[in-house]
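Here you get one chain, nothing else, as structure tokens; it is the form predicted on its own.
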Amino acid sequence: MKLVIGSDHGGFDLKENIKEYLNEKGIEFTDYGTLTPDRCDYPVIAKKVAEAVADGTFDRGILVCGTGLGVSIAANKVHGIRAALCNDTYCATYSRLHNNANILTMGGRVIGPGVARDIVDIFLTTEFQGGRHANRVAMITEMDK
């Protein structure tokens, strides 16, 4: 799996923790920034990550900002993206099982690193269930046109 990650300043510390976790697990990724904790604009990072997932350069993405809301809203503006804000493992599971989410968003000021690591693990290992859920995802895709 090809993975891209990104954050603004509000999600920088959590993103760095997630990078450590991915390295520990041997999961390759590309970091689209921000590369410092200095203030930056989350829509810029979210757009870069979302476009790279939408065009197939990467299979999935992870975005982090202070709440996870801003990057989720911004990423979902890109055609073909199904970004899901997940602050718990239940939502992470069903974002993949039922919604085939291709970008995970989280809030660096909302959840701790332990829970975030669990969420990331679930997001990366849970497969889309398909079936009746595929019809619903197709409806969402149609709305995206």
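This one's a predicted model, so the numbers in the text were calculated from it and none came from an experiment. Residue numbers run from 1 along the displayed sequence.
There is another form of this protein, the form predicted in complex with D-ribose (RB5), and it is not shown here; the text below is about that form.
Only one segment in the set 51 to 59, 111 to 119, 92 to 100, 64 to 72 has residues whose heavy atoms sit within 4.5 Å of D-ribose (RB5) in the predicted bound form; it is 64 to 72. Within this chain, Tyr42 lines the site of D-ribose (RB5) in the predicted bound form, having a heavy atom no more than 4.5 Å away.
For His133, no non-hydrogen atom is located within 4.5 Å of D-ribose (RB5) in the predicted bound form, even though that partner is not displayed.
Although the partner is absent here, His9 sits close enough that one of its heavy atoms falls within 4.5 Å of D-ribose (RB5) in the predicted bound form.
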